[in-house]
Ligand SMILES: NC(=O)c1ccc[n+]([C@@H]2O[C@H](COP(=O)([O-])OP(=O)(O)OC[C@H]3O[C@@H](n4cnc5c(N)ncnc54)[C@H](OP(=O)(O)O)[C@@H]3O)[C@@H](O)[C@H]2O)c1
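Form predicted alone, single chain, as structure tokens, below.
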């Protein structure tokens, strides 16, 4: 039985990723930073294969303590992340650091601690959650977020070269995820995405999760960034 770690497991996408791995019989460690109740509800929903643990990816001591209690790991899914909007002339350094600290620094801290465990696995792999914003920047008011996810893409490719052949490293770059707030009538973000996307729809979190599972199981793929965007980038 494979052991899978999903950071940010209580988010909309994190929940789908945890569920997808549980459904194929993996033991899943779902981490949360602030939403303990959501994690407990997810545990009740998915059953004994799901374990919940508190983890602050921004804190080196929290990350070190967490991994000191983890005995085995086969798959790391770096899903923790934040998204904000800001005009770049008005963006303050605190907001810039908030986005980069979570999306890049936190990913690094977790990955660094996970590498020794993944090396001991016969099929160790890492799947990072990037974004189509890294590949098609310029949506407006997202330059800081786009830059952070661009760093995730570069880090993914560099790690794949450095850690192979023992550990495979890939990334998934989702498009606009289907979420309740986007169903307000006339939401401009939704309308922009759906109009351009070839499939004329938002991205289901379950579709992204199934791609994460695929990358975790295919032994011939490393150093790749797979877009799951309903055809937005080619629209």
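Numbering follows the first chain given and starts at 1. Computed from a predicted model, the values in this text were never measured in an experiment.
One more form of this protein should be noted, the form predicted together with the ligand, which is absent from this view; the next part is about it.
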Among 88 to 96, 129 to 137, 161 to 169, 111 to 119, mark the stretch whose residues have heavy atoms within 4.5 Å of the ligand in the predicted bound form.
-> 129 to 137
In the predicted bound form, do 3, 50 and 76 all reach within 4.5 Å of the ligand through at least one heavy atom apiece?
-> no
Option touching the ligand, based on a heavy atom within 4.5 Å in the predicted bound form, out of 34, 69, 44, 183 = 34
Does the ligand come within 4.5 Å of any heavy atom of residue 12 in the predicted bound form?
-> yes
is_contact(residue 26, the ligand) in the predicted bound form, heavy atom dist at most 4.5 Å = no
Answer for residue 199 alone: is it within 4.5 Å of the ligand in the predicted bound form, judged on heavy atom distances?
-> no
Could you confirm whether residue 194 comes within 4.5 Å of the ligand in the predicted bound form, counting heavy atoms only?
-> no
Enumerate the residues of 135 to 161 that have a non-hydrogen atom within 4.5 Å of the ligand in the predicted bound form, in sequence order, or give none.
-> 145, 149
